[in-house]
Structures are given as structure tokens and as C-alpha cells.
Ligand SMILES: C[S@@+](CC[C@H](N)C(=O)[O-])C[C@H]1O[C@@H](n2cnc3c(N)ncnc32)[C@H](O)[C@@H]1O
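In the block that follows, a single chain appears as C-alpha cells, in the form predicted alone.
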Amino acid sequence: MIAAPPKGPNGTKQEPEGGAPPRSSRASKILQTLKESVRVPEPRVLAPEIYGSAAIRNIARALPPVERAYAQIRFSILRPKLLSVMDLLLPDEGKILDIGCGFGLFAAYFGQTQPNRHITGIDPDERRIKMAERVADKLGLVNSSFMAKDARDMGLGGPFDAAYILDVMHHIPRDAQEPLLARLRDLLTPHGTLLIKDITTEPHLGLKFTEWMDRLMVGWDEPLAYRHHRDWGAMLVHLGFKVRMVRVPDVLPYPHVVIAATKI
């Protein structure tokens, strides 16, 4: 006869000493092993922790007094609401080109909101580039880099997943605007994004207010070449982009327009 396994005090079967662990214990170990071998990345759906006014304050604290005053003017024009619109239109990771980056204000902003962005800022002014590097260093933005270059120069390290140019296009001579946009198109990956924030030409009083503010910043000799947003759209379509545009109202009478162009 085959002896039955010994029973415990409550009448249940008892595994012999040194025998196999209970089935429930073996099953939990198998499940744990499966969980460790198949790690599903958590979805990134939460809003970033640093954005809006908090990100702007961080940038201001990283600047010397004179540049801080300039930053306050720029961020009074491109307010958090407007920056949030552009933030959503840019990819949350990948290589991004900042054209006319100046002191690196917007590279610092967009780098804080999405740290996986690798932002390259370019500006022809070497002093501004050095300041942008110091700001990025103080904010710990290890994925940001800056070069004293013109956007039309070679050797920018593309292709880029996106590029943005904020309130710069109307400072470019009119006959040089389309060649610059064509150059940026060539630097983008297929389906890459070109994001433009600029000023449209209506209403007329808003345009005159903008021109007056621009003159205070750049003087009266520099040519200013504003265009209607439909002209920008037609130019971008001609260059091979799919275009979306939105007017962004503000408490100040700036006639803001944001243009998101996708390379076809």
C-alpha cells in the first residue's frame, strides 16, 4: 500500500520537509518573473511639472539684471498662454532647432517643459550665445546646445524633427524670407514640424502698435517686413508644407499668429 502524506494539525495535507513549495507560492514567483521580464513603459500623459509662469521665473533668476529686464519684456509679449499653444505643437522629444535664439529664453522654456527635447539654438550674436549657454547650464538643461551661426549656414547638424522661429521672420528682409524657409524645410526630417510665431497685418491698429514696439527695440533704421498670415501660408504651401494657422488673442493689441507647418 502507498502511504498517504502526513496531515497537519487542522487535517490539511502537509508537504514533506524539503519538498516543493505550495502551488500558490510557485505561481506568484512565476508571475513576478514575467512582470520583471516584460516591462511595459508607463504612458506619458501627465502635464509637465515645470511650465508657464514657474518656468519663466526660473529663466529670469538665471539672467543678469539687464538681460532679465529684456526677458520680462519678451515674456510679456509671448505670455504663458501663447507659449503653451506652441509647446503642444512641438514634439515632446527629438532634435529641435531654435532659429534666432538670442539669450536662449525659449530654448530654456521648451527645454524645461519637456526635458527629452534636444534643442539646438542658433544666433549670429556670439555674446547672446554665451549667455544662452550660461542660462541652460544654471537650469540644468543638459540636452541644449547653442551655436553662433546664421540659419542659412551649413553645418547645423540636422536633420531636425522640428524647428521654430518666434517673432523673427518680420526682421528678415522681404526677399530673403522665402529662401530662409526653404532652407529650414531642407533641414527637417520627413513630416517634421516648422513652427512660426509672428505678427499678421490686421487689424491695422494692432500692426501699428507692434511696429512702434519693434522700433523701440531695434531702432528706426532696421527694415521690418510684416506679412499677412495668408501670405505666409501660401508661401509655405508652395515650399511643400501642410499648414495650419491660428490667431491668438491677447490683452495687448499684438496681432499674434501661430503657424504650424508639416513637411510633406
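The numbering used is simple: start at 1 and walk along the sequence shown. This is a predicted model, so every value here is computed, not measured.
Absent from the display: the form predicted together with the ligand. The rest refers to it.
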property	result
Contact label in the model of the complex: Pro80 to the ligand, heavy atom within 4.5 Å	no
Contact label in the model of the complex: Arg174 to the ligand, heavy atom within 4.5 Å	no
Any non-hydrogen atom of Glu133 within 4.5 angstroms of the ligand in the model of the complex	no
Touches the ligand in the model of the complex: Pro124 (any heavy atom, 4.5 Å)	yes
Residue among Cys101, Ala108, Ile96, Leu181 with a heavy atom within 4.5 Å of the ligand in the model of the complex	Cys101
Which of 133-141, 88-96, 112-120, 165-173 lines the interface with the ligand in the model of the complex (heavy atom within 4.5 Å)	165-173
Residues of 55-83 having any heavy atom within 4.5 Å of the ligand in the model of the complex, listed in sequence order	Tyr70, Arg74
